[in-house]
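Form predicted on its own, single chain, as structure tokens, below.
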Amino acid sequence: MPSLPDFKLETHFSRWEFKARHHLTASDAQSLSLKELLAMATEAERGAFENLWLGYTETHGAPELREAIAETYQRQSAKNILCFAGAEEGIYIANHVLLEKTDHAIVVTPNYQAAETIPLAICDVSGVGLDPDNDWDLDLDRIAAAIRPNTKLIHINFPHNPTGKIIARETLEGLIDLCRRHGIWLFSDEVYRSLGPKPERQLPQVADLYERGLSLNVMSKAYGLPGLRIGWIATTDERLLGKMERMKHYLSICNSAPSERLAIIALRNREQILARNNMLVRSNLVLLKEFFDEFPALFEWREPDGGCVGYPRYVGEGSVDEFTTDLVEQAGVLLLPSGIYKSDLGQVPTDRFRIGFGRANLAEGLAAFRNHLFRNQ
């Protein structure tokens, strides 16, 4: 198997994430402290956490955790859930279980790099780009044209990273019909679901709609709890879950017991946590609109449909890579230039940057961003 390439996003973050004064490209919602999360727990839940036995846990995930996760779906039970050490492990394992060297996969671009580099290390992969000139929409005709006799898997991500796009319900249903006709697995990265300015825009979860659907989610993004490192895949195919569980034996083996107990508390208080995070998203989008309206000669801004990241176009002088490098080096404001999202599967826009709006310190970061622009006029 070919070695995996450098993970450009994580390398960029390794250099800047904890050095930059203003992290304006974070892809998660505002986190909670341990004290804040435990304050939401019942007395029995706090007791279970404080008296927790720090041994190995079940590979599938604690039964209570899987039950709490299943309650976030319409048609899943605990037996349909397999937990992972974050979403990344789920992506890695699902691709390696589903794909073989003679298979073919289709991936939407631009994307979270692992969505294409992991299957590319296994088999042939085709990219189908979202159309920036059509509000980043997904063209089902292009998906259909990319399907081959050996196409095994299609990977999607809505709300989309980095654009924040949510496709129409009719488009998702058309994609499922296409997959069903050809017997293709549909891997749906749903880590930003439940987060965004308009809850009514959120799509149903693919595992609830399609017998060959896999729904990926995690505590990191919408819940703002990446430190727990708890992710999962839901699917009605229990045989597939069994194969993925056996591969997990070679990787994390099991999840962190304290993280599982804390994730249970968060999931049982999900309405409160998501309401808080969505309120922050809505207020931050007002700040972003005001900011980008000040600089029409530099930026083109489209409000995302969901999630907590957007992908504005840079229309100023020089490249977006030069612009974002100067910004972080001179003003300590961190953004992700579109070079991070370069794809081996086809052309993607090169004049964009990712900005995050899920955290509480956006106003402070935008003030530093604004001052940098004024100084460099």
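Counting begins at 1, following the sequence as shown. Predicted, not measured: the structure shown is a model, and the values here were computed from it.
Another form, the form predicted in complex with a small molecule, is not on view; read the next lines as being about it.
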Which one, 185-193, 73-81, 296-304, 271-279, holds residues whose non-hydrogen atoms are within 4.5 Å of the small molecule in the predicted complex?
185-193
With the partner left out of view, is Ser220 within 4.5 angstroms of the small molecule in the predicted complex by any non-hydrogen atom?
yes
Using a 4.5 Å heavy atom cut-off, state whether Pro197 contacts the small molecule in the predicted complex.
no
Within 4.5 Å, heavy atoms only: does Gly127 come near the small molecule in the predicted complex?
no
Whether Ser338 contacts the small molecule in the predicted complex should be assessed with a 4.5 Å heavy atom distance threshold; does it?
no
With the partner left out here, if you bring back the small molecule in the predicted complex, are His96, Thr117 and Leu214 all within 4.5 Å of it by some heavy atom?
no
Picking from Lys248, Lys152, Arg229, Arg261, the single residue whose non-hydrogen atoms come within 4.5 angstroms of the small molecule in the predicted complex is Arg229
Sort through Thr235, Asn161, Gln202, Asn284 and report the residue having a heavy atom within 4.5 Å of the small molecule in the predicted complex.
Asn161
